[in-house]
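Only one chain is given next, in structure tokens, and it is the form predicted alone.
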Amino acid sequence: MRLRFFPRSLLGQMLLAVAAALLVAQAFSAALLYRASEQRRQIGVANGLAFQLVSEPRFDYREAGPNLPPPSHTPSPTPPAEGRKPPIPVPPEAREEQERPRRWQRLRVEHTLISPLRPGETRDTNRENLLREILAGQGIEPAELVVTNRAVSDDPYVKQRLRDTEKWRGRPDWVDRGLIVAGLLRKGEKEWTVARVPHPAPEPGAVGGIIAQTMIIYVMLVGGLALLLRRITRPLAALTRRMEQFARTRETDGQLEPAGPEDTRRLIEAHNEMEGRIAALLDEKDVMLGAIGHDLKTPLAALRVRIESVEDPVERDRMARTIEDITRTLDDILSLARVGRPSDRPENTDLAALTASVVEEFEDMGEDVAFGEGARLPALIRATWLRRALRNLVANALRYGGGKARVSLRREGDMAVLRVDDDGPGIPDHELGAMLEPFRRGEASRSRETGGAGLGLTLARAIAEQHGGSLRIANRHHADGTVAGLTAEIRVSIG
């Protein structure tokens, strides 16, 4: 099912495709940028923890107050043991944190005889592996290494340090983010070295930067592409209107001047040439049909006069019916050939009055034709042609539908529906489509009383299509599934 808001024009579909592709690309780009940002933050945290665990510096917690004095007891850094590598240099991420304004609370690295992993806490294996790699790069192979995440309220050490600070001002933002706690137990030692850092805060403006970047790209790329596509689609839209006009009028006046890109210009030139050839063929066809009509109808008229001298009335009537049959078939053939290029112009006509006049013609001939009067329904049509199409349907209903026909007229949206019902045996479903083709009939006889030439439905369909509509035939059924008759509908546009 077609989406309701899916654009139908080439311009709209191209812009939608580009916008969707750009959105997907920007989503991948944003995901990659976010992943890289998270990796930088995690590496910064791991480097900060490694720096504290190895060199045991003081660690700064933000937002503790602008004039907070250092703790009363600040032991000097522990010198490196014999054979141990010197402390790792301060990584750029940790240096950036240390160079921020000194509005932080100072906490020392904790030393404890028990593991920092409290009951109920889970180990952060990803950060453990990353921290282990950094320590291995410094030649340190821990006997045990533990990393976990903990809320500030669950850390007695941090809570005690906060309570011991008398000049604490305000609530630091890292309290809500929680802590990352790392414990290192070196080989040959019994004391754990425990470091803490707050969870890294999101980088400010990252999402806003991606959105701003996306909007700029959208404006530049989609806007530029829209201008380019309009240059391509404007000549195509004009060519479409020209083709619709030529289909209605078959006139070569008003052909388009080639415009747009080279491919579009060549398309317009080829279409103009095709229009010229089609118009020439139609002119030749009209000339040929006129000659055929003149050359055939003249001898038929002469034969019609000559048969009056035949003395046998039965034979004379048979010959007259044969000549009349040939004349009507010829008229149908010529009409079918001319229907695509009518000479008369459409006129505003009341379809109810037109239908009533056709029904009256058959009633005057003593035929059983009924018409349920409908409301006035004006339409711009070629009345002569539509009247002929309706006559063909009524005639078929009388001939094959048990001698009765019911005609109705109604409106459906911007279409008028002329319907003819009969009570005949109908047509097998697999033959309904074939009955609209030329020279196809429901029975094999070509006599006017039974079969005819098989052009009535074909001509009616061509006339309906000439008026922007269609012809539909279908069987009607009783409640028990048996065929109740045939329905033929001519739909013409009145919009």
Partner chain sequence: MTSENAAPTRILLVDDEPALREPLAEYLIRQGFAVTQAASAAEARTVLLNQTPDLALLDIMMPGEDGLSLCRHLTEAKELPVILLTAKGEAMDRIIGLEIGADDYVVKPFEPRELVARIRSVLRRAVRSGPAPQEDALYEFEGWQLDPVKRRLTDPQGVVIPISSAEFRLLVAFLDHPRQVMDRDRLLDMVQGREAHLFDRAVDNQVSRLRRKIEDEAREPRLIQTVRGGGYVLATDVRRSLPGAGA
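Numbering follows the first chain given and starts at 1. Just so it is clear, the structure is predicted and the values come from calculations on it, not from any experiment.
What comes next is about the form predicted in complex with its partner chain, which does not appear here.
If you check its partner chain in the predicted complex, you find a heavy atom from every one of 323, 348 and 354 within 4.5 Å. In the predicted complex, none of the heavy atoms of residue 126 sits within 4.5 Å of a heavy atom of its partner chain. Remark: residue 300 counts among the residues lining its partner chain in the predicted complex, judged by a heavy atom distance of 4.5 Å or less. Of the heavy atoms in residue 387, some are within 4.5 Å of its partner chain in the predicted complex.
The closest non-hydrogen atom of residue 378 lies within 4.5 Å of its partner chain in the predicted complex. Distance criterion of 4.5 Å from any heavy atom to its partner chain in the predicted complex singles out 294 from the list 248, 111, 190, 294.
Though its partner chain is absent from this view, in the predicted complex it lies within 4.5 Å of a heavy atom of just one residue from 153, 122, 240, 309, which is 309. Only one of 357 to 365, 251 to 259, 112 to 120, 406 to 414 places residue heavy atoms within 4.5 angstroms of its partner chain in the predicted complex, namely 357 to 365.
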